[in-house]
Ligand code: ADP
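Given next, in C-alpha cells, is a single chain: the form predicted alone.
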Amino acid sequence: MSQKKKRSLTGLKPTGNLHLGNYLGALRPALELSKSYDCIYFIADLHSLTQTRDAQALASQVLDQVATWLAIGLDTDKHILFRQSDVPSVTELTWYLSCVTGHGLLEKAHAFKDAQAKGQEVNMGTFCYPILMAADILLYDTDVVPVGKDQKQHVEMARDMAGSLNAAYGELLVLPEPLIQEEVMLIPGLDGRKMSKSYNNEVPLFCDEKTLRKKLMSLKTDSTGMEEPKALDGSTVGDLFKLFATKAQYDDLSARLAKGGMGWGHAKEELFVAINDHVKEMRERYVACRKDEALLQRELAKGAEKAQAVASQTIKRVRQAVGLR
C-alpha cells in the first residue's frame, strides 16, 4: 500500500499584478511541491479586504490569479485551486480559534507591529489577520506551508492556536510545519531592494516584451564607464540573471563584463533575453486563459467543491468537540 502524501498549502492575495518576485519566491516553488505533495492553492480574497476597497478590481484580480496558476502549469485535476471566500467554513473556524487565542499573541504579529510603528490606523481585520491565516492552514489538515523567513511567524502562530484548541478539546487539528525555500529567499527589485508592489520596484510577470525590456533597462546600476571592468557578482543585474540563466551563461557574462568594454546596458539586454525566454510561453498561455472567463469560473467552481469536501470534515470535528450539534 502506498503511503499517503503529505499536504501542502499555498495562498496568495489578489492585490495588483503578480510580479517576478511572486513567481520565483512563491508560485514556482509551490508548483514544484506538486510533484511530491498533495497540494492546495487558494486565492486569499478575504485577506485582501483589510486594504482593498475596490470590488471590481478585486474580482478581476482573482481571475488574473486563476489564469496565472493555469499558465504556469498547475494541474487542477490532481490538485486543488480555489477562492478562499468560496469555503465559508474558514470564517467559522476563525471564530473558534479566536476564542482560544490571547490578545497578546496577536500583538506580536509583524504586520500589526509594523503598522503601529508607522503610525497607521489598524482595523480589526489587520489585527486579527493571523487568526484567519491560521484557519486557512488548519481547515485543510495542512502538513507543510511553504513560506519565506519573514512569513514563518504566521505558521508558528497557527501552530500555537491549533495547540490551544487541541489542549481544550482534544486532538482536532494537525500542527503544520513551515517549509522555507532558502534558495529563493530574496528576489531583488529594480532598485536593489526586495521586489515588492509597496516599493514600486516590481517587474510584472506577464507584461508584454516592450514593457519588460523597458522595466529591466531601468535597473539600478553603478556609474562605471563602458571600458572599465565590472563585477556581475553582487549586482542587481547579476542577482536576477542567475535566477534565469544557466551557470555557463552566468559565468560567460561575468567574464565578459570583467574584461571591460561592455556596458551595463548590454548586460541588461542579456538579462531581458533570459527572462523573456523563460516567461514567453507562459505569457501566451496566460493571455489565452485570461480571455476565457467562463473557463476561469469553471475552475473556481471545481476547486471550491473539492476544497469544501476537505473543509467539511475538519469543521464537523471541531463543531462536535466544542459542543455545537
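Start at 1 and count along the sequence shown; that's the residue number. In this text, all values refer to a predicted model and were calculated from it rather than measured experimentally.
Below, we refer to the form predicted together with ligand ADP, which is not included among the displayed structures.
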Ligand ADP contact at Lys194 in the predicted complex, heavy atom, 4.5 Å: yes
Can you tell me whether Ala26 touches ligand ADP? I mean in the predicted complex, with a 4.5 angstroms heavy atom cut-off. yes
Heavy atom to heavy atom, is Leu186 within 4.5 Å of ligand ADP in the predicted complex? yes
How about Lys306 - does it come within 4.5 Å of ligand ADP in the predicted complex, if we only consider non-hydrogen atoms? no
Assert contact_stretch over 95 to 103, 195 to 203, 159 to 167, 113 to 121 against ligand ADP in the predicted complex, heavy atom within 4.5 Å, equals 195 to 203
Scan 10 to 24 and write down, in order along the chain, each residue with a heavy atom lying within 4.5 Å of ligand ADP in the predicted complex. Leu12, His19, Gly21, Asn22
